[in-house]
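One chain is shown next in structure tokens, namely the form predicted alone.
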Amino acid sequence: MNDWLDLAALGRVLVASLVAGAGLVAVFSLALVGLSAGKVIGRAGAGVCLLVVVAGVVLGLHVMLQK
């Protein structure tokens, strides 16, 4: 471990940001696919996916503005 840089914490932040960033993009793309399907079940699934994306954005803003 470096005296100036906590590499373990940096690694955790890097992994969490990659998973959250790629995960939200994947869920948003599923929402777009569901909306383009035109069926009721597709639109319902898209609504759930969009709620997950909005929850992720709100959680990210809450964590950043908390400090």
Partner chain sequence: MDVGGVLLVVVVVTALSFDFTNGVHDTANAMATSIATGALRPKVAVGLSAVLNFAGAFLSLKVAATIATGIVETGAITLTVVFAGLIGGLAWNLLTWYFGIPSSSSHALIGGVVGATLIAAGASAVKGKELVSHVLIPAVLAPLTAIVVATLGTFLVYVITRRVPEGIRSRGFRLGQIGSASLVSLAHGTNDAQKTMGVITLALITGGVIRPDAGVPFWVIVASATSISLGTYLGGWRVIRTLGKGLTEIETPQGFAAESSSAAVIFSSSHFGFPLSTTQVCAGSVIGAGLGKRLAEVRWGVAARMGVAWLITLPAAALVGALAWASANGIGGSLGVLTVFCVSAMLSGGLYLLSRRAPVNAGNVNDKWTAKERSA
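Positions refer to the first chain, counted from 1. Computed from a prediction, not measured in an experiment: that's the story for all the values here.
Unshown form predicted in complex with the partner chain; subsequent notes refer to it.
Although the partner is absent from this view, Ala44 stays clear of the partner chain in the predicted complex, with no non-hydrogen atom inside 4.5 angstroms. Residue contact check for Leu10: one or more of its heavy atoms lie within 4.5 Å of the partner chain in the predicted complex.
The partner chain in the predicted complex comes within 4.5 Å of no heavy atom belonging to Leu51. For the chain shown alone, Val25 is a contact residue for the partner chain in the predicted complex, at least one non-hydrogen atom being within 4.5 angstroms.
Counting a residue when any of its non-hydrogen atoms is within 4.5 Å of the partner chain in the predicted complex, the hits in 4-21 run Trp4, Leu5, Asp6, Ala9, Leu10, Arg12, Val13, Leu14, Ala16, Ser17, Leu18, Ala20, Gly21.
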